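Before any questions on binding or motion, here is one chain by itself as C-alpha coordinates, the form predicted alone.
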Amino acid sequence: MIQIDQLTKYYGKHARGILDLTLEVKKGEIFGFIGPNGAGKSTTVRTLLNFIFPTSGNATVMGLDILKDTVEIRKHVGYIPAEVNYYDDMTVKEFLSYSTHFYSDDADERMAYLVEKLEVELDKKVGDLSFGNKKKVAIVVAFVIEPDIYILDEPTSGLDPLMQSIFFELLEQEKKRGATIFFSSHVLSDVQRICDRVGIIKEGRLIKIETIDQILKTKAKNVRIVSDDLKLKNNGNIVNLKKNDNVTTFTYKGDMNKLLASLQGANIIDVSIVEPTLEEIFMHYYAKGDETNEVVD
(Lines give C-alpha, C1' and ligand atoms only; values in the text may rest on other atoms or scores of the structure.)
Protein backbone atom coordinates (compact mmCIF):
# COMPACT_ATOMS: atom_id res chain seq x y z
CA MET A 1 0.00 0.00 0.00
CA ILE A 2 2.98 2.28 0.64
CA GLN A 3 6.23 1.68 -1.23
CA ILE A 4 9.25 3.89 -0.54
CA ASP A 5 12.44 3.43 -2.57
CA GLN A 6 15.67 5.25 -1.64
CA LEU A 7 13.76 8.39 -0.72
CA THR A 8 16.06 11.26 0.23
CA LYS A 9 15.34 14.80 1.35
CA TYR A 10 18.00 17.44 1.98
CA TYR A 11 17.28 20.88 3.40
CA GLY A 12 20.04 22.91 1.79
CA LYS A 13 23.49 21.39 1.34
CA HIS A 14 24.15 19.92 4.77
CA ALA A 15 20.91 19.42 6.73
CA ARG A 16 19.25 16.17 5.74
CA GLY A 17 15.81 14.99 6.68
CA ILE A 18 15.92 11.44 5.33
CA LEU A 19 18.55 9.50 3.41
CA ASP A 20 18.00 6.50 1.11
CA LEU A 21 14.83 5.49 2.94
CA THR A 22 13.41 2.21 1.64
CA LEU A 23 10.42 0.37 3.12
CA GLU A 24 6.99 -1.01 2.30
CA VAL A 25 3.76 -1.06 4.25
CA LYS A 26 1.50 -4.03 3.59
CA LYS A 27 -2.24 -3.90 3.10
CA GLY A 28 -4.19 -4.07 6.35
CA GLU A 29 -1.23 -3.68 8.73
CA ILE A 30 -0.42 -1.03 11.29
CA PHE A 31 3.16 -0.03 10.61
CA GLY A 32 4.94 1.89 13.35
CA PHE A 33 7.57 4.42 12.33
CA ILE A 34 9.56 5.29 15.42
CA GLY A 35 12.39 7.59 16.32
CA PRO A 36 13.04 10.60 18.55
CA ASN A 37 12.20 14.14 17.53
CA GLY A 38 14.51 15.14 14.70
CA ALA A 39 15.01 11.63 13.33
CA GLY A 40 13.17 12.33 10.06
CA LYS A 41 9.68 11.00 10.77
CA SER A 42 7.75 14.14 9.85
CA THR A 43 9.94 14.67 6.80
CA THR A 44 8.91 11.21 5.60
CA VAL A 45 5.22 11.88 6.20
CA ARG A 46 5.29 15.29 4.52
CA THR A 47 7.13 13.87 1.53
CA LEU A 48 4.64 11.02 1.14
CA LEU A 49 1.81 13.55 1.06
CA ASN A 50 3.69 15.86 -1.35
CA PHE A 51 3.78 18.75 1.11
CA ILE A 52 7.52 18.86 0.42
CA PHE A 53 9.45 17.53 -2.56
CA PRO A 54 12.08 14.78 -2.27
CA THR A 55 15.66 15.46 -3.32
CA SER A 56 15.84 12.00 -4.89
CA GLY A 57 14.20 8.59 -4.80
CA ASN A 58 10.53 7.79 -5.28
CA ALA A 59 7.48 6.49 -3.46
CA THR A 60 3.98 5.31 -4.21
CA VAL A 61 0.76 5.15 -2.20
CA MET A 62 -1.71 2.51 -3.43
CA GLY A 63 0.46 2.29 -6.53
CA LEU A 64 0.06 6.02 -7.20
CA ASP A 65 3.14 8.21 -7.59
CA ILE A 66 3.48 10.73 -4.74
CA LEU A 67 4.45 13.53 -7.15
CA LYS A 68 2.26 12.87 -10.17
CA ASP A 69 -0.87 11.57 -8.46
CA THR A 70 -1.16 13.80 -5.40
CA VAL A 71 -4.84 14.65 -5.79
CA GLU A 72 -5.87 11.04 -6.30
CA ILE A 73 -3.79 9.89 -3.31
CA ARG A 74 -5.46 12.40 -1.00
CA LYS A 75 -8.87 10.97 -1.88
CA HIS A 76 -7.83 7.74 -0.19
CA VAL A 77 -5.77 8.98 2.77
CA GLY A 78 -6.79 10.04 6.25
CA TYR A 79 -4.07 12.31 7.65
CA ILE A 80 -3.43 13.50 11.19
CA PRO A 81 -0.63 16.09 11.43
CA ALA A 82 1.67 16.44 14.40
CA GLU A 83 0.76 20.13 14.64
CA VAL A 84 -2.86 21.04 13.89
CA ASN A 85 -3.39 24.34 12.09
CA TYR A 86 -6.89 24.91 10.73
CA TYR A 87 -9.04 27.99 10.05
CA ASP A 88 -9.16 29.73 13.44
CA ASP A 89 -12.25 31.88 12.71
CA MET A 90 -14.45 28.92 11.79
CA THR A 91 -16.47 27.07 14.40
CA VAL A 92 -15.60 23.41 14.70
CA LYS A 93 -18.95 22.47 13.16
CA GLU A 94 -18.35 24.77 10.19
CA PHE A 95 -14.86 23.42 9.65
CA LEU A 96 -15.91 19.77 9.86
CA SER A 97 -18.73 20.36 7.39
CA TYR A 98 -16.38 22.25 5.06
CA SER A 99 -13.61 19.66 5.15
CA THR A 100 -15.67 16.47 4.98
CA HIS A 101 -17.76 17.56 2.02
CA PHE A 102 -14.64 17.58 -0.12
CA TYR A 103 -14.92 13.80 0.09
CA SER A 104 -18.60 12.98 0.51
CA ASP A 105 -21.99 14.59 0.93
CA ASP A 106 -23.10 11.62 3.00
CA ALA A 107 -20.71 11.82 5.98
CA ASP A 108 -23.11 13.31 8.55
CA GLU A 109 -23.90 10.05 10.35
CA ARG A 110 -20.25 9.02 10.58
CA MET A 111 -19.25 12.52 11.71
CA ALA A 112 -21.92 12.54 14.42
CA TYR A 113 -20.62 9.21 15.74
CA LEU A 114 -17.03 10.45 15.91
CA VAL A 115 -17.97 13.81 17.44
CA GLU A 116 -19.87 12.07 20.22
CA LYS A 117 -17.17 9.44 20.73
CA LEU A 118 -14.40 12.02 21.05
CA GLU A 119 -16.50 14.61 22.89
CA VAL A 120 -15.77 17.30 20.31
CA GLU A 121 -17.15 20.78 21.08
CA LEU A 122 -18.84 21.85 17.86
CA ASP A 123 -19.79 25.41 18.75
CA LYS A 124 -16.33 26.64 19.71
CA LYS A 125 -14.09 28.44 17.24
CA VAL A 126 -11.10 26.42 16.12
CA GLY A 127 -8.75 29.17 17.28
CA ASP A 128 -10.11 28.94 20.83
CA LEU A 129 -9.41 25.22 21.19
CA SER A 130 -6.58 23.72 23.22
CA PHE A 131 -3.98 21.64 21.40
CA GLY A 132 -5.63 18.43 22.57
CA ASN A 133 -9.07 19.52 21.37
CA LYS A 134 -7.62 20.54 18.01
CA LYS A 135 -6.12 17.08 17.75
CA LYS A 136 -9.57 15.57 18.33
CA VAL A 137 -10.91 17.62 15.42
CA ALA A 138 -8.05 16.30 13.28
CA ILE A 139 -9.01 12.74 14.22
CA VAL A 140 -12.60 13.34 13.12
CA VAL A 141 -11.43 14.79 9.80
CA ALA A 142 -9.14 11.80 9.17
CA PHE A 143 -11.59 9.09 10.23
CA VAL A 144 -14.86 10.44 8.87
CA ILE A 145 -14.17 9.37 5.29
CA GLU A 146 -13.16 5.81 6.29
CA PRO A 147 -10.11 5.95 4.02
CA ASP A 148 -8.06 3.07 2.64
CA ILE A 149 -4.88 4.40 4.26
CA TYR A 150 -4.18 6.41 7.39
CA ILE A 151 -0.97 8.43 7.64
CA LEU A 152 -0.63 9.54 11.25
CA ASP A 153 2.10 11.85 12.54
CA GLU A 154 2.35 11.83 16.36
CA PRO A 155 -1.43 11.27 16.53
CA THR A 156 -1.71 10.90 20.33
CA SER A 157 0.17 14.05 21.28
CA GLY A 158 -2.09 16.38 23.24
CA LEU A 159 -4.68 13.70 24.02
CA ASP A 160 -5.47 12.83 27.62
CA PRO A 161 -5.33 9.11 28.62
CA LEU A 162 -9.08 8.60 28.12
CA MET A 163 -9.02 10.09 24.63
CA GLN A 164 -5.92 8.05 23.77
CA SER A 165 -7.80 4.89 24.72
CA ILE A 166 -10.75 5.91 22.54
CA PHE A 167 -8.39 6.74 19.68
CA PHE A 168 -6.79 3.28 19.83
CA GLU A 169 -10.26 1.73 19.87
CA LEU A 170 -11.05 3.61 16.64
CA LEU A 171 -7.78 2.40 15.12
CA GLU A 172 -8.63 -1.20 15.95
CA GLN A 173 -12.01 -0.77 14.27
CA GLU A 174 -10.36 0.60 11.14
CA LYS A 175 -7.84 -2.23 11.06
CA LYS A 176 -10.69 -4.76 11.24
CA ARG A 177 -12.32 -2.91 8.34
CA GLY A 178 -9.13 -3.53 6.34
CA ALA A 179 -7.52 -0.09 6.44
CA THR A 180 -3.74 0.29 6.30
CA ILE A 181 -2.16 2.52 8.96
CA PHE A 182 1.22 4.27 8.91
CA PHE A 183 1.76 5.30 12.54
CA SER A 184 4.65 7.71 13.10
CA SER A 185 5.51 8.35 16.74
CA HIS A 186 8.24 8.77 19.35
CA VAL A 187 5.94 7.34 22.06
CA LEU A 188 7.12 3.75 22.28
CA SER A 189 4.26 2.55 24.46
CA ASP A 190 1.82 3.62 21.72
CA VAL A 191 3.77 1.73 19.08
CA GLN A 192 4.06 -1.39 21.22
CA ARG A 193 0.33 -1.28 21.95
CA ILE A 194 -1.02 -1.04 18.43
CA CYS A 195 1.54 -1.84 15.70
CA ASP A 196 2.23 -5.07 13.81
CA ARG A 197 5.67 -4.09 12.52
CA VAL A 198 7.97 -1.18 13.27
CA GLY A 199 10.67 0.66 11.40
CA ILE A 200 13.28 2.42 13.52
CA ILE A 201 14.70 5.61 12.03
CA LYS A 202 17.89 7.26 13.26
CA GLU A 203 19.43 10.44 11.86
CA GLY A 204 17.34 10.12 8.71
CA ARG A 205 18.27 6.50 8.05
CA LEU A 206 16.14 3.41 8.53
CA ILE A 207 18.15 1.09 10.76
CA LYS A 208 15.76 -1.82 11.39
CA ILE A 209 12.36 -3.22 10.45
CA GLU A 210 10.89 -5.99 12.59
CA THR A 211 7.62 -7.19 14.02
CA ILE A 212 6.98 -6.08 17.58
CA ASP A 213 7.33 -9.68 18.74
CA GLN A 214 10.68 -10.09 16.98
CA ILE A 215 12.07 -6.95 18.56
CA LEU A 216 10.88 -7.90 22.03
CA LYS A 217 12.18 -11.48 21.77
CA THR A 218 15.77 -10.41 22.12
CA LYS A 219 18.32 -12.73 23.67
CA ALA A 220 19.04 -10.14 26.36
CA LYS A 221 17.01 -10.41 29.55
CA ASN A 222 16.54 -8.08 32.50
CA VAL A 223 17.48 -9.81 35.74
CA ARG A 224 16.65 -8.76 39.29
CA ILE A 225 18.08 -10.77 42.19
CA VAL A 226 17.48 -10.25 45.89
CA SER A 227 20.26 -11.90 47.89
CA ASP A 228 22.38 -11.09 50.93
CA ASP A 229 25.49 -12.95 49.71
CA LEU A 230 25.40 -12.74 45.91
CA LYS A 231 28.74 -12.90 44.10
CA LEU A 232 28.62 -12.62 40.33
CA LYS A 233 31.42 -13.35 37.91
CA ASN A 234 31.05 -11.19 34.83
CA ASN A 235 32.29 -12.94 31.70
CA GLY A 236 31.19 -10.04 29.48
CA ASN A 237 27.53 -11.01 29.30
CA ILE A 238 26.40 -8.75 32.15
CA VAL A 239 25.71 -5.08 31.39
CA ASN A 240 24.03 -2.22 33.24
CA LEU A 241 24.92 -3.82 36.57
CA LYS A 242 23.44 -1.98 39.57
CA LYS A 243 23.39 -2.93 43.25
CA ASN A 244 21.34 -1.33 46.00
CA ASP A 245 21.72 -3.05 49.38
CA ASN A 246 20.73 -6.66 48.72
CA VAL A 247 19.01 -5.98 45.36
CA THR A 248 21.10 -6.52 42.22
CA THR A 249 19.81 -5.70 38.72
CA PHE A 250 21.47 -6.14 35.34
CA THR A 251 20.90 -7.11 31.71
CA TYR A 252 22.19 -10.55 30.78
CA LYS A 253 23.12 -11.36 27.18
CA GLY A 254 24.56 -14.87 27.54
CA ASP A 255 23.43 -18.45 28.07
CA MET A 256 20.77 -18.39 30.77
CA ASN A 257 21.74 -21.87 31.98
CA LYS A 258 25.21 -20.59 32.82
CA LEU A 259 23.75 -17.69 34.77
CA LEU A 260 21.50 -19.99 36.78
CA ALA A 261 24.41 -22.33 37.45
CA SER A 262 26.47 -19.41 38.76
CA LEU A 263 23.75 -18.62 41.30
CA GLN A 264 23.94 -22.02 42.96
CA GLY A 265 25.10 -21.81 46.53
CA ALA A 266 23.94 -18.21 46.99
CA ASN A 267 21.11 -17.39 49.37
CA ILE A 268 18.55 -16.25 46.81
CA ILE A 269 15.58 -14.52 48.42
CA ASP A 270 13.90 -13.56 45.14
CA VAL A 271 14.74 -13.56 41.42
CA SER A 272 12.96 -12.32 38.31
CA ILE A 273 14.03 -12.67 34.67
CA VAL A 274 11.98 -10.71 32.13
CA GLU A 275 12.13 -9.47 28.55
CA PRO A 276 13.37 -5.88 28.19
CA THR A 277 10.78 -3.27 27.29
CA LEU A 278 10.54 -1.82 23.80
CA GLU A 279 11.92 1.44 25.20
CA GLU A 280 15.03 -0.30 26.56
CA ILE A 281 15.61 -2.06 23.24
CA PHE A 282 14.97 1.15 21.32
CA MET A 283 17.54 3.05 23.37
CA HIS A 284 20.12 0.42 22.42
CA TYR A 285 19.91 1.62 18.82
CA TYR A 286 20.49 5.21 19.92
CA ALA A 287 23.35 4.53 22.33
CA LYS A 288 26.01 5.01 19.67
CA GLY A 289 26.50 6.97 16.48
CA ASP A 290 27.90 10.31 15.45
CA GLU A 291 25.83 13.45 15.72
CA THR A 292 27.81 15.52 13.25
CA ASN A 293 25.08 15.93 10.64
CA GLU A 294 22.08 18.07 11.46
CA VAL A 295 18.74 16.37 10.95
CA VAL A 296 15.56 18.30 10.36
CA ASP A 297 12.29 16.61 11.35
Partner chain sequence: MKLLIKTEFKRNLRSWFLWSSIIIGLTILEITLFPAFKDSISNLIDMMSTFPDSFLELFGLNQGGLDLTTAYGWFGMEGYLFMLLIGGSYAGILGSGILSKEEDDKTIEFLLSKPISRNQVLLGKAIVVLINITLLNVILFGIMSFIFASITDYEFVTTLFICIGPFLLEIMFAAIAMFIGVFMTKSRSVMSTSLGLVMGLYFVEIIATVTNKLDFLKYFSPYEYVNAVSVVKDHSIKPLYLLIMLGVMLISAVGTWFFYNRKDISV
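Positions refer to the first chain, counted from 1. Quick caveat: nothing in here was measured; it's all calculated off a predicted structure.
Just so it is clear, the following notes concern the form predicted in complex with the partner chain, a form of the same protein that is not shown.
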Interface residue in the predicted bound form among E119, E172, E210, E94, criterion: non-hydrogen atom within 4.5 angstroms of the partner chain | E94
The one residue among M90, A112, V187, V226 placing a heavy atom within 4.5 Å of the partner chain in the predicted bound form is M90
4.5 Å heavy atom contact, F131 and the partner chain in the predicted bound form = no
Answer yes if any heavy atom of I52 is within 4.5 Å of a heavy atom of the partner chain in the predicted bound form; otherwise answer no.
-> yes
Using the partner position in the predicted bound form, report whether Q164 sits within 4.5 Å of the partner chain, counting heavy atoms only.
-> no
Using a 4.5 Å heavy atom cut-off, state whether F102 contacts the partner chain in the predicted bound form.
-> yes
Partner contact check in the predicted bound form: of 236 to 244, 66 to 74, 30 to 38, 255 to 263, the stretch with a heavy atom within 4.5 Å of the partner chain is 66 to 74
Taking only heavy atoms into account, state which residues of 63 to 87 are within 4.5 Å of the partner chain in the predicted bound form, ordered by sequence.
-> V71, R74, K75, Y79, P81, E83, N85, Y86, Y87
